[in-house]
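Coming up are structure 1 and structure 2: the same protein chain in two forms, each one given alone as structure tokens.
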Structure 1
């Protein structure tokens, strides 16, 4: 969330950000928040005056009693003041709770380098790499995978429902190979591997911005837990409520997990095969950085994901997301899309985002020299996350790009040590 000071000092900038992100429902929330905050600040000044007067009268009562004088008149006045203070304190708690709730509904500010745009058509292609293979004579991945027995979509639908495919044989081995390749590469790049829980509590989901923004996209289970939509949620929460040593930053983590999202298959997009799933695998990067270093970290994380795509032999492009297609929590975001020759279209396989201090304010994750034992003022860290990579569309592009006329798939060189062969059969 944004710090309350930002909203007080820069309301016009926040209002412009709300409009740029096309999140117009947040504008009345901002007005209500500013009104509640102004009322609370006025009330607190009034309470300070009442409390000072009550304390002064209490001292005078004590002085009179010590002198043996009657203080009944003052005692009645103090009782009235105490009742008024109590009512004011109750109203203060109500206003504080309302301000805190409304803060969760105000989006992050876009970085100045983010282009204005109302939707996906205004995203900017920053770079494109590799030669797009023509689609003539190529089978889309769902046809190829089912024909070769690598994926059983019907079985997944029968067992659970649409959007839950079953990987079999070389298909399952490909998933295992990609998992190892992605994690090994990130560990080589200096990331610490994490195996996090797949369930999180509401506090964790709120801290990273999934709640209250994305309730409809998450699976809620018993005991108030949520299945994770991405390992960003548990991993970013590892340092919730901590003061970190600036010398230890950046902290870089990677994690492989299944991910669960209810929104998959909506919005009228092509949902065949692996294009949109309710359950999918992903390796995630999470970085906690010093504010002055976070945009260098964003570029470095994006470059790591791009190098993986190069090694997998996939044509891809990098998009700089416009303000209206960036999301609630991000300050700046890149998407990486691979070319799907069997479908003749681009498929998103990675989003890499800088949240700046937006998540850290909810997490209460700060830093200073020496950490919790250090001296000086603390400051919020910056948090970043990015896919490296999401499996379903990466697999779709691999199968379609590297398929042969005989229906086999040539295994990229980087995956052969994990698969022990050069073809999927």
Structure 2
């Protein structure tokens, strides 16, 4: 969420952001929020005066009683005041709850460098790397994988349902090899490896922005928990409510987890093969950074993900997302898309975003020199995350790109130590 102060001081910027992000439903909420907040502030000014008066009189009663004097007259006078305070506090609670709920519906402001656009077609291709493989006889990954028994889509459907493929044999080993390759690389880069919970509570999901709006995208299980749609959620929540030492920033984490998404409403070619699943694996980077350093961190994270794609021998491009395709919580976002020769289309395998202080405000993750024992003002940290990388589409592109005429797959050099062979059979 944005800080209330931002809405008060820059309501026009917030309104512009809502429109730029094409989230027009948020505009009436902004209006309601601003008026509720104004009402609350004037109420509070009045209420705080009453509270001060009540406190003073109660203190006087206390002092008299301690001296053994009678205070019945004072107590009678304060009763009305106390009742009025109570009414005020009730109204204040209502308004606070309203403001709080509405605040969750206001999207983050796009960074000035983000281009305006109404949808995906206006994303900007920043760079393209590698040579796209093309030609006759290149098969889509589902044909390759099913022919060799690396992936059994039908079995997954039987066990659970559509969108839950089963990896077998060299397919499963490829998953394990990628896991190690990604994590080892990120640890080399200085990230701390995390194995987080795969279920989170509503507070965590709210802090990172999955709730309340995207509730339908998560699987909810018993006891009010949600299956994580990305490890961004548990990992970003690691420092909830803390005041971090600025000298310790940036904090850089990486995590391998399965991710669970309901993906309601998807259809057609999007859901073919590994293109869109309800359960998939992903290695994620999560960074908590100083505000003045967060955009350098965004570039660095994107570069790390890109280098992995280069090492896997995949052709890819980097997109700068336009305002309308960026999503609710992000200030700036890059997508990396790999070329899928078997499908002749681009597939998103990574999304790297800077949320600035949007998540930190709800997380109450702050920093200052010296940390919780430090001096001076606290500031909200900036949070970032990025995939490095999402497995299914990486695997799809990898199988299709490195396929041979005989239906085998040449294993990229960097994965050979992990797989112990140079071909998938």
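Remember, it's a predicted structure, so these values are computed and weren't measured experimentally. Positions refer to the first chain, counted from 1. Here, rigid core means the biggest group of C-alpha atoms that superpose within 1.5 Å across both forms.
(request) Structure 1 or 2, which would you say is the form predicted together with the RNA? (result) Structure 2, which is the form predicted together with the RNA, differs in this respect from structure 1.
(request) Select the option from 241, 136, 86, 369 that falls at the hinge between the two rigid parts moving between structures 1 and 2. (result) Among the listed options, 86 lies at the hinge between structures 1 and 2.
(message) Let me make sure I follow: superposing on C-alpha atoms, what angle in degrees does the smaller rigid part rotate through relative to the larger between structures 1 and 2?
(response) Treating the chain as two rigid parts, the smaller one turns 26 degrees between structures 1 and 2.
(request) Could the core-superposed CA displacement of residue 53 between structures 1 and 2 be given in angstrom, to one decimal? (result) With the rigid core fitted, the alpha carbon of residue 53 is displaced 5.4 Å between structures 1 and 2.
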